[in-house]
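Okay, so here's just one chain, in structure tokens, the form predicted on its own.
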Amino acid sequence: MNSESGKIWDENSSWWFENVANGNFHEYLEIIVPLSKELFVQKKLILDLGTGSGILAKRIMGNLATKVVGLDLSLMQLQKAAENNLGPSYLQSNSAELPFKSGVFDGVLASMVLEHVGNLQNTVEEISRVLQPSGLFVAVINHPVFQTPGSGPVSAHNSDSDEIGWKVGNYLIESSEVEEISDGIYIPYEHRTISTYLNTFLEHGFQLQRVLEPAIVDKNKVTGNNQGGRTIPRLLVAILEKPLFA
């Protein structure tokens, strides 16, 4: 992310913090927070890359043996994090030039961050550099298939049905967009294919442990035949490890 991206996140910091803090994103409540706490429970020093409001960094520190550094490009986001989520250490930096010595962390989390990063290669290279051998890297991404620009809910063709389907945009065409995610709220979005993400991780020496496509259960919505739930994943989770011996 560059300085222009930082300005965009600064401008939207209040909206972002309020929505995350008020639980308006089911992804955080149902998937990201519990999964992160589970995966990093035995780690001692974790980098939360793109920490934003610091809510996730704070939740991970529920394990008192764990220390978390929350890093973000947006100074406004970090100020809100420091005011409202005490515990983690917060630092402003570009993800492609991390201000740490090599092999400092035994865990790195990039939650809904990499799809907003312009230079994926440099960012993943830096993550690999600051991570210890056998360290854990977890990438949580808006699902590249179903969150492609142009994707979204559509009504069923059958007029007798109230089911809602999902239109998928041009998945194989990678693009850089500035998307309106809410009324008057614009953020940069880099659409990449799943293969681009996974191959980039592998090219920088990571070993893929698991890939998850967790469902979000929203009792207020019915999608397709999944009563009270979702039939498509909103997130793609890649769980990776840096080899002990390169």
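Quick caveat, the model's predicted, so the values are computed rather than measured. The first residue of the sequence shown is number 1, and the count goes up from there.
Unshown form predicted in complex with a small molecule; subsequent notes refer to it.
Not displayed here, the small molecule is approached by Ser95 to within 4.5 Å at the level of heavy atoms in the predicted bound form. The closest non-hydrogen atom of Ile46 lies beyond 4.5 Å of the small molecule in the predicted bound form. Contact check for Ile55: a heavy atom falls within 4.5 Å of the small molecule in the predicted bound form.
Of the heavy atoms in His143, none are within 4.5 Å of the small molecule in the predicted bound form.
A single residue from the set Ala139, Ala81, Leu131, Leu73 has any heavy atom within 4.5 angstroms of the small molecule in the predicted bound form; that residue is Leu73. At a distance of at most 4.5 angstroms from the small molecule in the predicted bound form, none of the three residues Phe40, Phe105 and Val124 contributes a non-hydrogen atom.
Heavy atoms within 4.5 Å of the small molecule in the predicted bound form belong, among the stretches 82-90, 113-121, 172-180, 143-151, to residues of 113-121.
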